[in-house]
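Shown here is one chain on its own, the form predicted on its own, set out as structure tokens.
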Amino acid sequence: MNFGFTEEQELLRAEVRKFLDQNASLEEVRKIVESDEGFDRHLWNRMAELGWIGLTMPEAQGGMGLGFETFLVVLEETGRSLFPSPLISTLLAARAIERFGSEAQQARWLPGLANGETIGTLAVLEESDDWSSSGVRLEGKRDGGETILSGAKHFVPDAGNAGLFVVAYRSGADPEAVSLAVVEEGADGVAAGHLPAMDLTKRLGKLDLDDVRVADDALLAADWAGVQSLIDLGAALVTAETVGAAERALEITTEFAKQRIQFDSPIGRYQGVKHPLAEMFVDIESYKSLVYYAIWAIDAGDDVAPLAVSRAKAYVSETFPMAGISGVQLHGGVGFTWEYDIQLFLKRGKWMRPMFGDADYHYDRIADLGGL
């Protein structure tokens, strides 16, 4: 099994890096996140033109039909720049429609997602903040040829910018009777908006559904196992993006340690600084291997994918937030201030830790999947 990237994938990485260096320096990212939308619509459209948004979507619907191993290259670079965009959210919505939608449903929604005209997102969490099937309390009540949804979804990625929501709802009394419905912005009873968050590069919001009528042709043929596979994919993609963020945080802190002079010597010469940096490096290399394997397992449709994803997400959820804390501490009293970039990575760690399950959730799942 070879986890080395191909020449084509490395060329893609170079192009993404060049694009982000020219358009999304951390200085520019600070400006972008202060806008109402929280991302740059012009850059989003350019990414669509370059084919990055539709990279894994079917060719028949305007995508490129490539695997997540290739998309991983894009995510590592966007993570390195803390690039604010609804990329992961849109991909998850598209994946749900691709896997569980009919040909007519795919033709209806995927082209708009692939070309960037429509921003999509997956809405699962509710007030309980429970990623298991029991956490889905939103009931779908049948009325003729329609399903009525009334309730709220919390912590929905990019909710305030989305034009399409793939919503998990309860479709029966069985604990795992959970299905998916596609709800479009502008439909009667649909309201969504941003919520205050620590990490401004990652917008979260709330979706309110007030007697929203969903026709049968907007229901996807998914069950709880299908919803769980989307949660797993989200966890893997967030972890992949974190690899790039962690590497950049280590680079920033290492460079600071080389330049900061204390007692007539760069602080990087002291063991109290060297050791935390070495631990950060070891952690990054460890969860890099774990997430590469998880992405491969998802692409291959291997039965080990859920376990591989939980291993990767558990590790990164535990170690990357600590890396952010160490980075700020090694910067000394200035590390937490707005002028220094390292505080942005600390905030990213606070965002990614609970997304698609925190460390405790995934360690418990590892035990369950391992029969413990």
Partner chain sequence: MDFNLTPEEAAFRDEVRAFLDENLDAAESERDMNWFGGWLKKVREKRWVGFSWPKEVGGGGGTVMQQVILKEEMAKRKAPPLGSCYMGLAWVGPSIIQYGNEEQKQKYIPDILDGTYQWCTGYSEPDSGSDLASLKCRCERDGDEYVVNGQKIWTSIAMISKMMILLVRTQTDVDVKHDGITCLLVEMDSPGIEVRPIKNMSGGAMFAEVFLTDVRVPVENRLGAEGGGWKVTVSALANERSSIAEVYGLTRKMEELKDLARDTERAGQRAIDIPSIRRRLQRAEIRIESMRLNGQRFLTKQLKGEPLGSETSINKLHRASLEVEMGELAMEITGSASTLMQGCDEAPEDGRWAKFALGWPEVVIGGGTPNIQKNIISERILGLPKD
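Numbering follows the first chain given and starts at 1. Every value quoted in this text rests on a predicted model; they were computed, and no experiment measured them.
A second form of this protein, the form predicted together with the partner chain, is not displayed here; the remarks below concern that form.
- For the options Glu117, Asp211, Glu279, Asp216, the one in contact with the partner chain in the predicted bound form, meaning a heavy atom within 4.5 Å, is Glu279.
- With the partner omitted here, the residue from Tyr293, Phe155, Phe100, Trp224 that has a non-hydrogen atom within 4.5 angstroms of the partner chain in the predicted bound form is Tyr293.
- Three-residue candidate spot Leu250, Ala257 and Ser286; every residue lies within 4.5 angstroms of the partner chain in the predicted bound form by at least one non-hydrogen atom.
- Among residues of the shown chain, Arg269 is one whose heavy atoms approach the partner chain to within 4.5 Å in the predicted bound form.
- When the partner chain is considered in the predicted bound form, Lys141 lies well away from it, no heavy atom lying within 4.5 Å.
- Not displayed here, the partner chain is kept clear of Val166 by more than 4.5 Å at the level of heavy atoms in the predicted bound form.
- Using a 4.5 angstroms threshold between heavy atoms, Leu125 stays clear of the partner chain in the predicted bound form.
- Heavy atoms within 4.5 Å of the partner chain in the predicted bound form are found in one stretch of 58-66, 317-325, 331-339, 39-47, which is 317-325.
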